[in-house]
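Two forms, one chain: they're shown below as structure tokens, one block per form, named structure 1 and structure 2.
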Structure 1
């Protein structure tokens, strides 16, 4: 059985006109003799409206009822898609997560798919049907609806591709694929034809918003190739696959940037074993995500300066958490807003010396000061003033010759 999983994001199903276009795309795959499994997000804006209603009802809205409420958005979209397919003469119906069922584990709002019962859907596919299945949700062992968190519909599609051994998993969105950098910031950004899981994971973690990191990780662990393409054009998209499938002479694949980071520095921290843990443990408990971390030891070995970055929306919570922490002593606490993290990413960096020098020299030539540095095998990130973000991206994009198609 030749199976394709098609996932449509919120912008792709944002209006009834767009849903009619989605039905055309599905019909094309059906005409190519694929057995088609459709996964849909809610129509764009619907989930946010539902969350807004929950806040108006209660400042402490139940997590379990939150999942029931927001999962209704996917139900509506799936019904409309199935209804349009029926109108076009196809056998189709919507499937809610509990009807499949899609079994999840973990807490409400952040569950993960553990198992998919394939029997009913397989039977429906054999009968020539097109199942249109709610993404972003499942049911737990208490038979309660759960949601899978950000990027949940992508994760749903990837897990369906795994359990049904699909030949293709295609994520339809409002962009034509993955670009060397944000095309909204740089007009000559180029679409990447093929990218590795590792590179895409770094790009997603560092600001590229096409897919969420957890979905990329699911695909990587299960070796599911993903195509990302636009539902609004017929142009080819980007294939996300394993490194061994890529023939590429590019050292750097892409450049990402962030817009809402802040820098936190603790000056003169009394240096002793466990001091870093005593700083970061309360932050973790308060769900504050810490990113770049740099530690400097004083010449006398008795003090250390510790710098890290957080999201700006967590700044007040971070300040309060540190100031209330009685387990650490420091001389000064500094905060800096309006900073941006610029990252260059590429598996070619593993075997190519001199990338770090090139990046730093390029920024120096543009008189851009680097505040913090962090690296991995396939990534170099620097923190700079936010006002220099575009200038840095333009210079690095040119330096690493990313303006040429690959």
Structure 2
């Protein structure tokens, strides 16, 4: 059976007019004799609205109810798509996660798809039907609805491609593919024809919201090629695939920035074994994700300063966790909200010396101060003042010759 998984993001199903266009795309694959599995996200803005409502109802809204509420947008989008396909004369119906079922494991809000029961959908495909399936949601072993993290329909699509051994998995979105940097922020950004899982994973984790990081991990693990393209034009998109399929590795492939980072500094902590652990253990227990970490060299061997970054939404929780923990001793606690992490990513960095220097020099020439640095084999990240984000991206994009116009 020649199966294609087509995933439509919120922007692709944002209005009934757009949904009619989506139905045409689906019809085209059906005409090419594909068995089509459709995965849809909620209409754009709907999930955010639902999250907002939950906060209005309670500052401490139950996680399980959160999942029931915020996953409801997908139900609406799927029925509209199926309704349009039926209108066009196709056999189609919507499938909610529990009807498939899509089995998830783990905590509410951040569950992972573990198993997809393929029997009913296979039967439906064999009968010529087009199943339109809710992305983002699943059901756990207690028969409760779950969600798999914001942007999660990407991961739903990849897992369907895995369990149904699909020939193709296409992510339709509102841009033509993966770009060297967010094309909505920099006009000169260039579409990337092919990118490795490793680079895409870094880009997604470091701020390129076009793909959800978990979905790339799943694709990499299962060796599933992903095509990312626009639902508004017929232009070719980007292929996300394994490194060995890529002939021309660039030194730098892309640049990303984050929106909501905050910096936390503990001044004057004791410079002795176990101190860092005593600070980070309670943070991790409270599910606070610590990102970049630096510890200054201690001038007197007794005291040092420790700086790290977190998501701004975790700032109050972090403050409380540190201040209430009597085991953490420091002289001063400082917070800085308006910071942004800029990263340059590329597998070619492994073999090319001097990228770090070039990045730092470029930022220095623009008089942009670097607050924190972190690196891996294929990325360099720096923390800077948020107000300098655009200036930094423009300068680095030019320095690494990433643009359409050079």
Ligand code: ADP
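Note that the structure is predicted; figures quoted are calculated from it, not measured. Residue numbers count along the first chain shown, from 1. Take the two forms, superpose them, and find the largest set of C-alpha atoms that agree within 1.5 Å; that set is the rigid core.
Selected structure - the one that is the form predicted in complex with the named molecule: If we ask which form is the one predicted in complex with the named molecule, the answer is structure 2.
Rigid core fit then residue 362 CA moved by 2 Å or more between structure 1 and structure 2: Yes: residue 362 shifts by at least 2 Å between structure 1 and structure 2.
C-alpha of residue 44 moved at least 2 Å between structure 1 and structure 2 on rigid core: No; that C-alpha moves by less than 2 Å between structure 1 and structure 2.
Rigid core fit then residue 319 CA moved by 2 Å or more between structure 1 and structure 2: Yes, its C-alpha moves 2 Å or more.
Core-fitted comparison between structure 1 and structure 2 - CA shift at residue 396, Å: Reported C-alpha shift between structure 1 and structure 2: 3.0 Å at residue 396.
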